[in-house]
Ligand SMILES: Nc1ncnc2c1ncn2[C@@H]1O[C@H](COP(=O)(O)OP(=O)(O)OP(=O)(O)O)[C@@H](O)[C@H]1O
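First, one chain by itself in structure tokens, the form predicted on its own.
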């Protein structure tokens, strides 16, 4: 038995950036949540897309929680990150239902799954255990049964499921999976709404905007953008005050450096809070220390990211940063020994991978701290 103790550490940093935060900690996103739920209740499918670390998973969790509380929806969140086979997808969907179903509805679905004889279960031993003990198990029949579950959920009386597929772009790794999904969901408009969330615009466009693909034009697009400075300022200042500190002179530089990027905002706020003693307020010197500490922490990540991309993409990013958003300034291209057609091809690839975005007709590196890191390369 563990003894109950009084915690010693009570002055805890309120800014968590190393994992998705709880829906209660999300900054704003009221409009996006409301739009997503309006589409869901109306029976529409939604394609939610944004770069990584923009808070898609937290937004999905908030929308699912609000959907349960306010609209009576049955929530199911399926994480498809790096799925590589039909067996992977089958296990992820089974475990998602196991996490979210409750009470008599769970009991009824569990009884149905057991009657299929396919090894499906909402308990500890489901299809994953069967595949592990019998590797030759074909998961296709089990996947068909799971994809039909929204029809079973509705059998006891007008339930609508809200099913969110997170990191949906990875479906493209598995031949024929998008067609298999469509064959089921096209018949479920009266009982289920789907959200397909993805972080790589190129892959998501190929799934939903390529004529001839099964999911072509089958979902309403909803883009998750950057945060407004006013919302960030209120969130950061309130949490400093609640923990006996002041954000002081550092708030302006923090907003400028974060450029509305959700995760980088919280990372910078975390490092700033660590450098402000209880009862004190941040100064410009505190901010400079904060920025240096954040860049030092990210150096290894950025170096690995830099090495993964092609030399032409490296030069194009340098050209955009040095050119204030324009990748085609001739003097910069000449200095970097970069031909304009090569830069144009690199821009398209960087847009597809969400390393780059277009903002008011100018290109911008999605991660503002990565842009700072690139500036340091140019500065030697």
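What you are looking at is a predicted structure, and each value in this text was computed from that prediction instead of being measured. Numbering follows the first chain given and starts at 1.
Heads up, the form predicted in complex with the named molecule isn't pictured, but that's what we're talking about next.
J.: Can any non-hydrogen atom of residue 57 be found within 4.5 angstroms of the named molecule in the model of the complex?
T.: Output for residue 57 is yes: heavy atoms within 4.5 Å of the named molecule.
J.: Any chance residue 51 has a heavy atom within 4.5 Å of the named molecule in the model of the complex?
T.: Contact check for residue 51: yes, within 4.5 Å of the named molecule in the model of the complex.
J.: Although the partner isn't part of this model, could you tell me whether residue 370 comes within 4.5 Å of the named molecule in the model of the complex, counting any heavy atom of the residue?
T.: Result no; residue 370 lies far from the named molecule in the model of the complex.
J.: Can residue 263 be called a contact residue for the named molecule in the model of the complex at 4.5 Å between heavy atoms?
T.: Flag for residue 263 set to yes.
J.: Can you pick out, from 231, 259, 110, 167, the residue that has a heavy atom within 4.5 Å of the named molecule in the model of the complex?
T.: Checking each option against the named molecule in the model of the complex, the one that comes within 4.5 Å is 167.
J.: Only one of 332, 351, 65, 27 has a non-hydrogen atom within 4.5 angstroms of the named molecule in the model of the complex; which is it?
T.: None of the other options qualify; the answer is 27.
J.: Where, among 33 to 41, 309 to 317, 334 to 342, 57 to 65, do residues come within 4.5 Å of the named molecule in the model of the complex by heavy atom distance?
T.: The contacting stretch is 57 to 65.
J.: Judged by heavy atom distances of 4.5 Å or less, which residues of 201 to 228 approach the named molecule in the model of the complex?
T.: Residue within 4.5 Å: 227 only.
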